[in-house]
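Listed next as structure tokens is one chain, alone, in the form predicted on its own.
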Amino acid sequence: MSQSDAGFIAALDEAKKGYDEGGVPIGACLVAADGKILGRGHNLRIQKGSATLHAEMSALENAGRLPASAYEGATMYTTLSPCDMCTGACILYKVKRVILGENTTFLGGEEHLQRKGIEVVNVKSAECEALMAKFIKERPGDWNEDIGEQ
């Protein structure tokens, strides 16, 4: 698993799209075991005034209603370590693996994922870190709101 995987490239493209729209630059892509992209999306909390549309939730939403078998062996690519909500969604749908761009900016539920038998791989993307650092410098209030901080 690497930064050259189609799923990771799609997630990073989504993060950039979110930034360009004025939102939090986090992207995600759900990829089936056979390599087919099931859904991709980006954080839309600001754009849609949503309480829950983090990138992983957006990717799941864009995948649409699927049978449980569709998630078997699936990988969730995300540009940032998943929060507790998104961690829970990955567990609920029995995603096999979570590939994340970085966890320096935010450390989410990686240990919980691992305890549930989900493989977690951090590709330590400098590009993901730089995009988040730029956003946080420009809009610290929006970042704090996104992660539930004052």
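All values reported here derive from a predicted model rather than from experimental measurement. Position 1 is the first residue in the sequence shown; the rest follow in order.
The following text describes the form predicted in complex with another copy of the chain, which does not appear among the structures shown.
Across the proposed site, H54, G88 and K94 without exception bring a heavy atom within 4.5 Å of another copy of the chain in the model of the complex.
Here the chain stands alone, but in the model of the complex its contact with another copy of the chain, taken as any heavy atom within 4.5 Å, falls in 58-66 among 97-105, 32-40, 121-129, 58-66. Proximity of A6 to another copy of the chain in the model of the complex falls outside the 4.5 Å heavy atom cutoff. Heavy atoms of S50 reach within 4.5 Å of another copy of the chain in the model of the complex, making it an interface residue. For D142, a non-hydrogen atom is located within 4.5 Å of another copy of the chain in the model of the complex, even though that partner is not displayed. Contact residues in stretch 116-150 (any heavy atom within 4.5 Å of another copy of the chain, taken in the model of the complex) are K116, D142, E145, D146, I147, G148, E149, Q150.
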